[in-house]
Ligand code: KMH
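Quick setup: one chain, the form predicted alone, written in structure tokens, and binding and motion questions come after.
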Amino acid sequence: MTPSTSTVATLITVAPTGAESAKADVPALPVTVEEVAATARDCQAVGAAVIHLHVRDTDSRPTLDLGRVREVVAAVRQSSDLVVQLSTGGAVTDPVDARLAVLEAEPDAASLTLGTVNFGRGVFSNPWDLIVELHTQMQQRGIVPEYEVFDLGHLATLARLLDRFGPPHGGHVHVDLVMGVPGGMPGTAQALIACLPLLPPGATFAATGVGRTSLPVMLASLSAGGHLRVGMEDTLTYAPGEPVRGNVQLVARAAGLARIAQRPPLDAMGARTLLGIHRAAGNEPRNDRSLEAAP
């Protein structure tokens, strides 16, 4: 394990929507601009510091339309101080050029998936050239990547990427271990522990447990000094037979577990410091509220 995986506070990321679930099937899923902005505000109040955004159109379908993406980013910044992290994955069927174009919306951070993986019945394609393009474009645009790892070999790709193209913007490497996707690594403590020796020196990591792996992965990550990502993108059932009522419910549970582990939630300002995010001029948070959920 690298030294910086041990920390006194927990970075909690909320992934509120995703690109897989339909609003008709999951009425609590936030899909409108107003719903996503309200979710950001309410999740910050209970302990989230980062929001991982997938965007929906006016018919609630996944979209990478740049105008819509910019509208959502602006609304989230108006309603909260959360670090805005855009997904460059989109839906598994989205073309590469549209996935790259979301960087033009000037988020604080963006996801960067480190390899192709089976995604249920689909294929989430992330070839080497796309990985390099995302990494170098983020360096040039001043966007901090979150490297998404769906399998152990993706960490070998990360080492190769950093060796050939240098560190990310901000200088700090932060990895999200996405666990429990059908086709990726399992959501178990054993799989999480297997990843840790392959993290770059000085890196931090979070873990995401999909579906029923959410709780085991959260507990394993906290016990190993890692951070957490939760949200309705990945988890729709709070307990057996109990649908999730909203993203706030998931963030509140993660924050409660973090406090039990004596690693209380990190606020948004602390998240920017940890991740090496430095806002450009004219890109300041748009509200003056004091941050809550400080450690």
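Residue numbers run from 1 along the displayed sequence. Owing to the predicted nature of the structure, the values given are computational and were not obtained by experimental measurement.
Another form exists, predicted in complex with this ligand; not displayed. Remarks below refer to it.
> Thinking of E35, R56 and V72 as the candidate spot, does this ligand come within 4.5 Å of a heavy atom on all of them in the predicted bound form?
Negative, none of the three is within 4.5 Å.
> Taking 4.5 Å between heavy atoms as the contact cutoff, choose which of A91, L196, L162, L219 touches this ligand in the predicted bound form.
The residue in contact is A91.
> Is T208 close enough to this ligand in the predicted bound form to count, meaning some heavy atom within 4.5 Å?
No, T208 sits far enough from this ligand in the predicted bound form that none of its heavy atoms falls within 4.5 Å.
> Residue-level contact is defined here as any heavy atom of the residue lying within 4.5 Å of this ligand in the predicted bound form; does S87 satisfy this criterion?
S87 belongs to the contact set for this ligand.
> Report yes if any heavy atom of E233 sits within 4.5 Å of a heavy atom of this ligand in the predicted bound form; otherwise report no.
Yes, contact at 4.5 Å.
> Taking this ligand as it sits in the predicted bound form, is H227 near enough to touch it, meaning that at least one heavy atom pair lies within 4.5 angstroms?
Result no; H227 lies far from this ligand in the predicted bound form.
> In the predicted bound form, which of 72 to 80, 117 to 125, 200 to 208, 162 to 170 comes within 4.5 Å of this ligand (heavy atoms)?
Every other range fails; the passing one is 117 to 125.
> Using a 4.5 Å cut-off on heavy atoms, which residues of 160 to 183 contact this ligand in the predicted bound form?
None of them.
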